[in-house]
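Below you will find one chain, with nothing else, as structure tokens; this is the form predicted alone, and questions on how it binds or moves follow later.
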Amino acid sequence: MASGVTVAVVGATGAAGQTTLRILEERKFPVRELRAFASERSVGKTVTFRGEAIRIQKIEAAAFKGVDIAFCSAGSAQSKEYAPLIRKAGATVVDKSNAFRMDPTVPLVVPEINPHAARRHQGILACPNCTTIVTVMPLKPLHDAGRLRRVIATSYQAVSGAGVNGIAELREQTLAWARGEAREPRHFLHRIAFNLIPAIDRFGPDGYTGEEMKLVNETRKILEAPDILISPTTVRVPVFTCHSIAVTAETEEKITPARARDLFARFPGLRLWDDPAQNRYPMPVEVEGQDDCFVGRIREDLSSPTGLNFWVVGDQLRKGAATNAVQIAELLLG
């Protein structure tokens, strides 16, 4: 591995794929050769990596021969089709979709939290949902210190979590509003500009959406704590980048706000940003483009003697997707 590895990025033209290319550059990942893949309509186009134009290739088994690590930034259906093919070609797959997250044979990894899980991989490793990653980062130190019993989490999710179409729709609707024009939604079910949509993904028979259940099931798997009670709500908001989550965390052992601040400040990948007197608290416009998750507004929960309330914000394209995936690959090399 001293001379570098051959890396493939599947879905290289999408928002997550583009961010993956950027993170590989920024973290100086030892890429000897990069191969880029996307849908058939993108074959022949190029993406840029380290100043070089990389031609988009067609996804087929022969194209992955010699690849060491493949990042899949496509949808679940595509990952289910392509990941086994890529693994059979000899590569280790780091998948960002929902395809394998709850597969008991596939590690679901946040490197700051459960790096040991990566050692159990059988050729495929999964990245959690972006909201789960941002939420679970501050939950981990609380769980280690006081054992989590119950979590209430309400997420405020940026449009880039829906990909390039979500970004375009917010921009187009905002510009149309400024011109006094009406613009019907095309990607989201309802208008997103100057609006909130309190549902992401499809509803299940219990009234919860798939996005909400990801937060429940993935958090339990990552923390290896299947008995934690979790109540989720997800909301799409007219913000381009960064997911924000309002969290109430109830622990078996009481953790004071002062101790929580100390735990958060010491935990890798978290940045304490908590000074209400100076109007200092995490906001998407300040967290965008950064890999750390920012946590603040830490206070006792008025309804529970062992509860804490806090607010956490993370760039879901970076730590919520691409950075976490590259960190997993770094674990593999390490």
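Residue indices: 1-based, along the sequence shown. Here the structure is a predicted model, which is why all the values come from computation and not from measurement.
The next section is about a form of this same protein that is not shown, the form predicted in complex with adenosine-2'-5'-diphosphate (A2P).
Engineer: Here the chain is shown alone; which of Phe264, Phe188, Tyr156, Tyr82 has a heavy atom within 4.5 Å of adenosine-2'-5'-diphosphate (A2P) in the model of the complex?
Structural biologist: Looking at the other structure, the residue within range turns out to be Tyr82.
Engineer: Scan Gln78, Thr209, Thr174, Asn114 and let me know which has any heavy atom within 4.5 Å of adenosine-2'-5'-diphosphate (A2P) in the model of the complex.
Structural biologist: Looking at the other structure, the residue within range turns out to be Gln78.
Engineer: Would Val164 count as touching adenosine-2'-5'-diphosphate (A2P) in the model of the complex under a 4.5 Å heavy atom rule?
Structural biologist: Yes, contact at 4.5 Å.
Engineer: Using 4.5 Å between non-hydrogen atoms, is Ser73 touching adenosine-2'-5'-diphosphate (A2P) in the model of the complex?
Structural biologist: Yes - in the model of the complex, heavy atoms of Ser73 and adenosine-2'-5'-diphosphate (A2P) come within 4.5 Å of each other.
Engineer: Although the partner isn't part of this model, could you tell me whether Ser39 comes within 4.5 Å of adenosine-2'-5'-diphosphate (A2P) in the model of the complex, counting any heavy atom of the residue?
Structural biologist: Judged by the heavy-atom cut-off of 4.5 Å, Ser39 is in contact with adenosine-2'-5'-diphosphate (A2P) in the model of the complex.
Engineer: Is Thr13 a contact residue for adenosine-2'-5'-diphosphate (A2P) in the model of the complex, using a 4.5 Å heavy atom cut-off?
Structural biologist: Yes, Thr13 sits close enough to adenosine-2'-5'-diphosphate (A2P) in the model of the complex that at least one of its heavy atoms falls within 4.5 Å.
Engineer: Could you tell me which stretch in 279-287, 39-47, 63-71, 297-305 has residues with non-hydrogen atoms within 4.5 Å of adenosine-2'-5'-diphosphate (A2P) in the model of the complex?
Structural biologist: Comparing against adenosine-2'-5'-diphosphate (A2P) in the model of the complex, the contact stretch is 39-47.
Engineer: If we check adenosine-2'-5'-diphosphate (A2P) in the model of the complex, which of the residues in 47-64 reach within 4.5 angstroms of it by a non-hydrogen atom?
Structural biologist: The stretch touches the partner through Ile59 alone.
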